[in-house]
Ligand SMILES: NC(=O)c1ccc[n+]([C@@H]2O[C@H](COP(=O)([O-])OP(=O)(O)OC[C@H]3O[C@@H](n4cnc5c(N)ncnc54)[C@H](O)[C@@H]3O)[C@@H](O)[C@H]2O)c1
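For reference, the chain that follows is the form predicted on its own, supplied as structure tokens.
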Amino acid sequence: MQKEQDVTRREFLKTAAAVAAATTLPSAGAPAILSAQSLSNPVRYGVIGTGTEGCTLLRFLTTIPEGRCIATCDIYPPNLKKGVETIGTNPETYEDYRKMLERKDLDAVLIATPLNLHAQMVLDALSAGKQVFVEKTMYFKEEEGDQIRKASAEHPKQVLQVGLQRRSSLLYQVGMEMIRKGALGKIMFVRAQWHRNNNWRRPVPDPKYERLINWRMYKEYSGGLLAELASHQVDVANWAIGSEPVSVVATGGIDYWKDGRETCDNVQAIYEYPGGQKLLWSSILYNAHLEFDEQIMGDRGTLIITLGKGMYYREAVAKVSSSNSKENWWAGATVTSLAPQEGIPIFPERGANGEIGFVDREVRYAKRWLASMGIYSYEEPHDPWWTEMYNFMLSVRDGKPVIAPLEIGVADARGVIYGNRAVETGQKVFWPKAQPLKET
């Protein structure tokens, strides 16, 4: 074993210089010099809802020349003012989104309003001939899914993209490629949590604005923790397993924050998938120790993604997996010995040919070694929010594939709706029919 480790160390010394050189190069996904097309043919868009989420999108949109904000809409004056200040392009402002949709020069709309308004706004925007980006969860009530499906089918040339940012994360894409190539073997269990230690309440300058500003706490407008947090992580489980669930059991309550809210301050749910796989999900608002992560477990390994970092842990016991391994994702004595105990990092990078994966073999193992010793750190080439906005603009302007299309949004919304139903009824809730999810 010592001899093998010495060989691995020699390989490391040979490639360390290559690592240093590689890390000074521009990111493969970095935006190119502004093209004439970007400047002369931008997507003219409007934003409906310029609260916290809407302004987050606008901050990233300020750096994307493929789009130009010409309109913003919000019924709360401070939010409307903040949206204009954030984008900085002097857009025309509206209180009624339907007036904004009447504009002939408006190509697309981005919807970042309270959840209960999503479906009608999507329907109205499609009917008005606009391309649509809608924040998750795509819709609020079960029947709204078929309404949006029908409207989208009637407007096949119009883009409809859902705001599930993890789909735009290169780190998650690399992790899913590892899964598809067999690095984790047969996926059977996903554990995810999103824990915080705060009341989730936003300050209200005037009591009359309580339900407008803290809409997430009231069942008339909100799906609570499942809609705001679980939606992202249910989507990750669906993505990893390749299907949506078939059933869910869940519990929750208002057990800590006794402040008049109607949505739970804690939820625990177990989703079951067609092959017997399980997602165990938890959210609490009175302890942030575990914060948030997704742990994807197979019979050959585990992938843990948290705070923009990914770690891979190989199962120490050799066994025959029911999944074919198409690529050896580990090599060398040091990496092999580290994988079961300390784990090895995965890197959000693309190869020289643009394909998802790791960089050159020599460089990637040297990077893992450096990272395992705390010498080298890594991060996404772009924030996933930026990437999803960039993707939307290219989908509208150039017909690029949508990163999170309609059916991904439908599966995600059903996970939220049925999870909440299970909490409210105390009964196991079954899906009408589980469908395999198309790869994106």
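As the structure is a computational prediction, the values presented were derived from the model and not from experiment. Numbering starts at 1 and follows the sequence shown.
Below: the form predicted together with this ligand, not depicted.
Heavy atoms within 4.5 Å of this ligand in the model of the complex are found in exactly one of 248 to 256, 68 to 76, 281 to 289, 85 to 93, that being 68 to 76.
This ligand is not drawn, but in the model of the complex it has a heavy atom within 4.5 Å of residue 202. Contact between residue 51 and this ligand in the model of the complex is found at the 4.5 Å heavy atom cutoff. This ligand in the model of the complex is approached by residue 215, whose closest heavy atom lies within 4.5 angstroms of it. This ligand in the model of the complex comes within 4.5 Å of no heavy atom belonging to residue 302.
The three residues 117, 135 and 232 all sit with a heavy atom within 4.5 Å of this ligand in the model of the complex. Only one of 165, 277, 295, 152 comes within 4.5 Å of this ligand in the model of the complex through a heavy atom, and that residue is 165. Just one of 131, 263, 169, 113 comes within 4.5 Å of this ligand in the model of the complex, counting any heavy atom, and that one is 113.
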